[in-house]
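One chain comes next, on its own, written out as structure tokens in the form predicted alone.
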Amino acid sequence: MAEQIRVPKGLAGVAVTETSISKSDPSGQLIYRGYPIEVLAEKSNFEEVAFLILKGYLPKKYELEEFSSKLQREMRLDERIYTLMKLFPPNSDPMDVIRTAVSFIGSLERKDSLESKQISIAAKLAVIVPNSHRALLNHEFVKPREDLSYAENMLYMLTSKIPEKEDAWIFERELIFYMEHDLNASSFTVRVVASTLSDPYSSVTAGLAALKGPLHGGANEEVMEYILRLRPEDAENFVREELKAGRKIMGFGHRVYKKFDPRAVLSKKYLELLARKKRDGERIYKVCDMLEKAVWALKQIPPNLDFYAAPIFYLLGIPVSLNTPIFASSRVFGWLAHYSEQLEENKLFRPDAIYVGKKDLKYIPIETR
């Protein structure tokens, strides 16, 4: 038996595999397949970045057009999926609806190639996410339009309105930021399932289950809850009270970024643009700005992506309960890239555990216990 190696809890700082998909750095750098996130945010679009993440290179024009067309075609859902979503109780978490629907897709489809399965999962998730909310409210489903891009279609289905160009552009940046980020909890979960040679439907279902947890994907919803109840002048006192009580301020801090999260820096600029033209936008922006300054002054902890993505989604008219599902609709491309990468040089994940329980207990028959 191989010698056991003790590692930190949570595997902090432990490299368990190699990847060429993305990398973040404590100094505040994030790259996707070698490209800085700032460059992709300024010059690219969602479909192009999704292609980059999945394929490993930027597409030629005809490749991007073909990829975008495939995504558009695969957005059509089997009517049985809509029927399934209606079965959930009204108080269900949308993530439960989404997770179950993705698992169901795996039972319905008989696609041959891995690529066709991956594009199908990613495209259909963009339709399932906004309609999961409608299913729980017993509202009529909204289906995608052929004249809209991926991000425009999602925003349209989320709000039931054709989005303004600037709104769709800002929303698209946030989707790009959520698409991939190292070996996070859900991506690692996807790789563990992939290492068993299970199918991508099962792996993405597992990723969704991991993302539901409040320590991973649920933070953006909690962020919006406290932003909405605060005034700018209340921000510093709120931070002091939370810190005094020993509570974590959701939306601040990151396992990697210690100085700043580059996605949060960019998102703050987009929030400021959005706030100028949206109702209650100026107040929300000021609350965020004051909270950021207070947390940095008292603890030197920077905001993360969730802190600024949450108010952006809110000002775009998106229900708060769909913040984490939106995260999933973009991160699915990262999950699928990790799935493929895991299979390239696969080794089953099978770590060991140090047993600390009792030994050699004497069994006592039930009659005499």
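All of these numbers come straight from a predicted model, not from anything done at the bench. Note that residue numbering follows the sequence shown and begins at 1.
Omitted here: the form predicted in complex with a small molecule. The next part is about that form.
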property	result
Contact stretch among 119-127, 211-219, 77-85, 230-238 - heavy atom within 4.5 Å of the small molecule in the predicted bound form	211-219
Contacting member of 145, 283, 278, 255, with respect to the small molecule in the predicted bound form [4.5 Å, heavy atom]	255
Heavy atom within 4.5 Å of the small molecule in the predicted bound form - the one residue of 247, 73, 165, 161 that qualifies	247
Partner contact for residue 304 in the predicted bound form: the small molecule, 4.5 angstroms, heavy atom	yes
Proximity of residue 200 to the small molecule in the predicted bound form, heavy atoms at 4.5 Å	no
Heavy atom of residue 243 within 4.5 Å of the small molecule in the predicted bound form	yes
Non-hydrogen atom contact residue 207 with the small molecule in the predicted bound form at 4.5 angstroms	no
